[in-house]
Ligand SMILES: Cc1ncc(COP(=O)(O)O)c(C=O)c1O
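Coming up is one lone chain in structure tokens, specifically the form predicted on its own.
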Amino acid sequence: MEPEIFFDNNATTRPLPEVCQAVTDAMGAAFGNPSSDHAAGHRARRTLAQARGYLADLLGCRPEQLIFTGSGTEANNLVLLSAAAGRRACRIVSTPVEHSSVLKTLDALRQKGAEIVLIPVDAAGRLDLDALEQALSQPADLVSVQWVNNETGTVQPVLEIADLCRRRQIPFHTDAAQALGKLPIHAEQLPADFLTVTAHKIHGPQGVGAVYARNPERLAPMLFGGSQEAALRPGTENLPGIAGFGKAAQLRAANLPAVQTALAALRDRFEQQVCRLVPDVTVNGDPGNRVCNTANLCFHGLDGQALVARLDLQGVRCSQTSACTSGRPEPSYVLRAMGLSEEDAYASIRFSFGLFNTQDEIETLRN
């Protein structure tokens, strides 16, 4: 296998060895169904409870406020569809730069009669708070705004958004998939009602996500069956995936400041190298208000898709948009919503860094 430099960690991260071991243990020594009333079931329940506790520690909430799901997409769907459940008409406020799992769910709700209001963002990708305040002068059933953009790394003013919602008694949801493990999160102190995350952005396994709900009874299940996850996500739990998520959360909670410093150093050195070697490159988003690991660069006048393909042939993995939309031959809707021209959006590439990346990998760019 040819050497690979993986600079696409916002799409997914390679599981840490400790995470792989936790998954293996849950499939082996800790094997069992958490719903079974015998020793193997008790053992599996302990594994489940331990993982829930580790994630609760990273999120700053109580374990009973967490519902495990099959992905971050499912977690977002659970929150959004709950907002519309039992209502003949609902009104949801969001932005045009959300992850596709939010925007496509909103499209589906719009087709069923919901009023969907998308608040514009500025050139840095940050929501217009004045426009949000104006939109909230009318009743709403939910405000859903991502904490960190998956393409640019721009951080939204979630404290101000949450405060606006709280003062108007409007539920607030934030998709925190890209904030988890990159920013300190204290869910109980943040005036948000729902927060959604996924494991594979912090070197956990794919196929497992979670919803934090301040009051879980405000959620409405999409599936029906058993009593697992407070009957909000029935079905036998993905115990190996959840165990891996818990281990990844435990490791990140113990090392968050060091991780932030290391990833920021990689990102900054990378940008310095690129800007020195390639003329006419600009940073998309808000360079002063973004997470530590993300660089979205516009190579003005170049074909971004061709550049991604050329880098791929050299063993360098990067992307133009979210992995959930990269199959579409269109410029990034996130960058277009920020005001970039179609040409510049096509010329932009996302590089995102993780714990397996090294300074030596960045130095190889000179070659």
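All residue numbers refer to positions in the sequence shown, first residue = 1. Note that the structure is predicted; figures quoted are calculated from it, not measured.
As for the form predicted together with this ligand, it is not shown, yet the points below apply to it.
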**Message:** Which is the contacting stretch out of 292-300, 106-114, 270-278, 68-76, given heavy atoms within 4.5 Å of this ligand in the predicted bound form?
**Reply:** 68-76
**Prompt:** Closest heavy atom of residue 82 to this ligand in the predicted bound form, within 4.5 Å or not?
**Reply:** no
**Request:** Using a 4.5 Å heavy atom cut-off, state whether residue 200 contacts this ligand in the predicted bound form.
**Result:** yes
**Asked** Could you tell me if residue 150 has a non-hydrogen atom within 4.5 Å of this ligand in the predicted bound form?
**Response** yes
**Asked** According to a 4.5 angstroms non-hydrogen atom cut-off, is residue 250 in contact with this ligand in the predicted bound form?
**Response** no
**Item:** Contact set, 42-63 vs this ligand in the predicted bound form - heavy atom within 4.5 angstroms
**Value:** none
